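Next up: a single chain in structure tokens, the form predicted on its own.
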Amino acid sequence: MNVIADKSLVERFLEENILFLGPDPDIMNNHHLAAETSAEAAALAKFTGKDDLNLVRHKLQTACNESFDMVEQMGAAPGAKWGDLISGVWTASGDLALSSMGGVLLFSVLTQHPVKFILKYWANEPTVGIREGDIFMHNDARYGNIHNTDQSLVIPVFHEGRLICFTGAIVHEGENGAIEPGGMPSKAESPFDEGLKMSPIKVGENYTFRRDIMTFLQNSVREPKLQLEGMKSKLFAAMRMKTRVEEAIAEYGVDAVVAVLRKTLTDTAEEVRRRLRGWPDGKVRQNVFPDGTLRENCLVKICLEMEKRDDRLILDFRGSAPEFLNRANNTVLASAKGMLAQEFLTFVWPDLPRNQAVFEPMTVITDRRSSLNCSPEAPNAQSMMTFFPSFTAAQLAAPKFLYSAKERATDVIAGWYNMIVTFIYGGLNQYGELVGNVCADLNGMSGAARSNRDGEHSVAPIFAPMADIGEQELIEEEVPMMKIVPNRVMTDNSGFGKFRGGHGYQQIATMKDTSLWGFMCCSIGSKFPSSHGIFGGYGPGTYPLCKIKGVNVFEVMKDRRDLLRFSIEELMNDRPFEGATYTTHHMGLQLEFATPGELYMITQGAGGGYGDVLERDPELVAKDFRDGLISARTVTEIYHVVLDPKSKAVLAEDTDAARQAERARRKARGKPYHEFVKAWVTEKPPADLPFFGCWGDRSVIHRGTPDDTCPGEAIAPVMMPDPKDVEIAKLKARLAAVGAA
């Protein structure tokens, strides 16, 4: 008895003296719906009219859309003003039942985690609690988020003392006090370099922010007024949604709201199961290769086996690259699931409600401590560098099932462009204020080709189908960054095919009227395409960051306007500014301070192509050429179309002959599969290729060299050397060689 009593005493002591409430694995690893509560069961039994259910659902959906518009209109951060957000309604159990139609839909599968943390740990905690008028916030991705630059705010909604639901919003706010400005520090080598980290925390009561906590949060970032304004806009949007929920209760009764929230989730999950049953059973495998960590060039393998069984979809990523313990390109598993859900919410079933139940019938399998399921000790500020490619792997695999599906809600589509090609900035603006954020023009990603038409140019990002790219004139009023060429498509920048992908745009930027200004970029795909085409379609090209340093174009061009060129290709080839240095760099540029008039130039990649280039209508090829979208070389060497030299019209007979000749050359180049494999497949990765991930056997993970491996079930995290140390070592070796000579 004494032993039992002593054990009970110890257990009680441990329960009452918790050292630290870190991310809860039971919450973070579970993306499924909470069990139906007795209150929900009673409400569903009482409120059964389909028409009334539909009316209440539309009322709440309209409230989500209205609140979304409020944040867009009131928000100060670029992400708020241009649509990188959602607003929503969560059940009393923490499941997101309805969210705004526009915005970043991958939030819809992520935002349940912090709400469930609040319910589990704070509801009965005497020092916290959940009461009417409370305001909760959070931004730490390890508790459920994309990266720490996103901030969420929720408030509980009560009716006669009973918790009915939560309302709130989540916004890409940008600046968060990280080691580099703008909220997405690719230089971060640990979670402690990533800036402000709010676990789910109560920041206000009685619908009023606590001034002490507000001051703490403002003191933690470079733009205190942005932090204040962002919190206020999200709170007002949440309160507006709360009012709409209360109006629905007043009109239809509390059971109506509870029933609608639960039924929206269960109906969505069941509809996804029904649609999956119409897909053919089987497995599809797809590999995607990020070409760097943003600090060094390497190949980071994302390895997917997608299996459909009856009404379930299994996404198995075992064999993908290991966790990088001192690089920010890792992904929390919940973040990866959110991005994978975006594929189905946007590109497969855009007609379904925007909620987490779309992902309910799906299972995600990863190796623990892989780059897609990193530990809490690993930084994840640039998680997009691995979870965007995981999305692409799923997007390229899904068409193989959809092609033979019994029904489709969209066209079969190739790989959408998937990278953040924009400028992150930091420094003093023209008004002397310290600022740091990201440009919203990243939202103009290139659309992919479809089974029946070409992709759109620079139309929308993969994560926010209704976001905007912002107005350049408005941006220049706030920051001293000027886009000499803001949004111009580049020739030959598309995924070729029977139907081509959309073109990305190039940007040529500089700065003036400030004493301190730095540029950053955070994108992969400078060496190896980040996305691909399907069914014979080409992927996008690869483009580096280009810089022209050591020149002030404003001074040089005072009397020589003719010096400027309006494309990166012309500037880098013609080199019109004497004495300047012309360099290229991979797209992972850490914060680099510039001087006025220096040029920084970047280009988005393209949407993937669909189908064989030899099946493209020659008239479409001719039109693209006349529009300046493709070069004469592409016309003849890729599409094998012959145009009249003067009129640029298609010469039909010559084109038929050219294409027949190319088909004959293809046959001559072709090999039986077993011969191709014998010549192509090697036992290990090349010794000179920094390769991370499985090579053949998915259970064996390579860690950068052919002989450095670990088991997939017991991954040893990778520690990368500092790029400066690597460069210093090279220079020392060169000096030693010179000395020896």
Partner chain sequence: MSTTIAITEYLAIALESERWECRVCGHDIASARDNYKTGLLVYDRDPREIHDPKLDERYEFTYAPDPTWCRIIEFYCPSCGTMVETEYLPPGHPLTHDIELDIDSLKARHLAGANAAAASGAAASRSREV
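Nothing here was measured: the structure is a model prediction, and the numbers come from that model. Numbering follows the first chain given and starts at 1.
The form predicted in complex with its partner chain is left out here; the points below concern that form.
Contact check at 4.5 Å (heavy atoms) against its partner chain in the predicted bound form: none of Asn65, Thr268 and Asn355 pass. Across the options 363-371, 106-114, 249-257, 556-564, residues that bring heavy atoms within 4.5 Å of its partner chain in the predicted bound form belong to 363-371. In the predicted bound form, its partner chain sits within 4.5 Å of a heavy atom belonging to Asn29. Its partner chain in the predicted bound form comes within 4.5 Å of no heavy atom belonging to Asn219.
Within this chain, Thr682 lines the site of its partner chain in the predicted bound form, having a heavy atom no more than 4.5 Å away. In the predicted bound form, no heavy atom of Phe47 sits within 4.5 Å of its partner chain. Out of the listed residues Phe344, Trp82, Tyr538, Phe625, Tyr538 is the one that sits within 4.5 Å of its partner chain in the predicted bound form by at least one heavy atom. The single contact residue among Ser375, Thr542, Asn487, Thr208, judged by any heavy atom lying within 4.5 Å of its partner chain in the predicted bound form, is Thr542. Annotation for 655-693: interface residues with its partner chain in the predicted bound form are Glu662, Arg663, Arg666, Lys667, Arg669, Gly670, Lys671, Pro672, Tyr673, His674, Phe676, Val677, Trp680, Val681, Thr682, Pro686, Leu689, Pro690, Phe691 [heavy atom within 4.5 Å].
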